[in-house]
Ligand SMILES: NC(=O)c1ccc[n+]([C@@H]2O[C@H](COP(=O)([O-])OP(=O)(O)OC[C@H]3O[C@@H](n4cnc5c(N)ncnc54)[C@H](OP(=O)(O)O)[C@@H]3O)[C@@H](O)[C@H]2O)c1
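Just one chain follows, in the form predicted on its own, and it is written as structure tokens.
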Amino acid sequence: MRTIRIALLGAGTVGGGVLSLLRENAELLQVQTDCRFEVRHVVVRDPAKPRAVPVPPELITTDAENAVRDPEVDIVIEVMGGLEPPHSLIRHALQAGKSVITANKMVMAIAGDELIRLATTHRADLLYEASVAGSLPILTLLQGALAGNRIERAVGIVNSTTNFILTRMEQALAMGVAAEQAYSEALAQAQSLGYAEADPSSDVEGYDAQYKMAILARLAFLQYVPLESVYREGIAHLSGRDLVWARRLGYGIKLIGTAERLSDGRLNVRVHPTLLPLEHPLYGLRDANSGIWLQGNGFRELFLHGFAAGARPTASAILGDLILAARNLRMGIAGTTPQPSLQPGETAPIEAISFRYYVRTVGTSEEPLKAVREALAEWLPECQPVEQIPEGYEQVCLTALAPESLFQAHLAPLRQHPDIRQLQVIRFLS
């Protein structure tokens, strides 16, 4: 029976989850692969830091390069996060002919094409299921069971942290928490549970979802998708008032990622807060769950969802990749599976799309609200009665379908209006 030796780069939340599952499922892994697994190095930044999952001291090292270049190591698992040094370490491992498993969505979104070519050149596996949606096997499906379908659209919640925050905001508002406090309290809960970092900007500003949608769109549409072509907008600017109004009107708000082929053949990929009906399956996903709704010309529709935050869901995806990598090593076929052939293609900016819009305005008086209604007049707004709130006078209007570029141009001057305190725009699910 072959022994597979592993260098684990990172022993934080996800790394601890990998170590836990390796120990708990050792017998299962052996049955699945006819291999034994031995962790040879665990790379950390601070060896003295207390860890939720104990690591034998003799395995701990701060020398990541040495761990990667160790000739005894067969597979490198990278769960450090960030662009560097992970990008360089993955590259060095592949150049040495070692298979790599990574959960690093930033590296795969920015440098994935380069690394995939490198893996092919050096006959090594590069597996990254854990980089998109935790335990959901979406990349495996796209490259396997669904590969014979022409994907038409992929829509989903790919960041479970923001889903948790929005769920807890709704719950807090229902219990009478002030609208201006709902976001900060929900974020604090997410941080206390380890779902959000001390600096939550990657999640709440939409960067995490942007990386994931770039990776997902590449495999779904077999097209190069530059990260900068993926429109990004997070949830940090949302108010509790927006969730209150959405509920009143029969909608919910989620941070939704969308990738779709437009009628002119261009590919549009975007991430932004989205209003969707309460009966929509994506709205039904609560707390730290993710979900992806696919449409294709063969299977028609498929909805994949599950718990996706924290250590174990991500570690679950990593172990799935580990089994595949170990089987390939045992059979001597690592790096021989052809990668999907990505084709050049044009991407479309969000300005090429038309949406229905929710517009919430708060003015110092009712007068500036008229200017907003006039700007929206072309798109037949359905406006709710004006309400007086502590911040001023508030009105919500819903529009008919409007071209993004023209719509935003109409509103742009009003964002500088001295008597408009808030001008919130949220797109409906298209």
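From 1 onward, residues are counted along the sequence shown. Because the structure is a prediction, the values reported are computed rather than measured.
The same protein also has a form predicted in complex with the named molecule, omitted here; what follows describes it.
S.K.: Is V43 close enough to touch the named molecule in the predicted complex, meaning at least one heavy atom pair within 4.5 Å?
M.R.: Yes, V43 sits close enough to the named molecule in the predicted complex that at least one of its heavy atoms falls within 4.5 Å.
S.K.: Against the named molecule in the predicted complex, would V14 count as a contact residue? Criterion: heavy atoms within 4.5 Å.
M.R.: Result yes; V14 sits at the interface with the named molecule in the predicted complex.
S.K.: Quick one: is T314 in contact with the named molecule in the predicted complex, heavy atoms, 4.5 Å cut-off?
M.R.: Within the cut-off, so yes.
S.K.: Hey, in the predicted complex, is A309 touching the named molecule, heavy atoms inside 4.5 Å?
M.R.: The answer is yes: A309 has a heavy atom within 4.5 Å of the named molecule.
S.K.: Which pick from A119, I138, A103, I90 sits with a heavy atom within 4.5 Å of the named molecule in the predicted complex?
M.R.: It is A103.
S.K.: If you check L275, V76, A209, V79 against the named molecule in the predicted complex, which one has a heavy atom within 4.5 Å?
M.R.: Comparing distances to the named molecule in the predicted complex, the residue within 4.5 Å is V79.
S.K.: Since the chain is shown here on its own, which stretch among 363-371, 47-55, 381-389, 397-405 would lie within 4.5 Å of the named molecule in the predicted complex, judged by heavy atoms?
M.R.: Looking at the other structure, the answer is 47-55.
S.K.: Each of G10, P85 and A130 having a non-hydrogen atom within 4.5 Å of the named molecule in the predicted complex: is that the case here?
M.R.: So, yes: the whole triplet contacts the named molecule.
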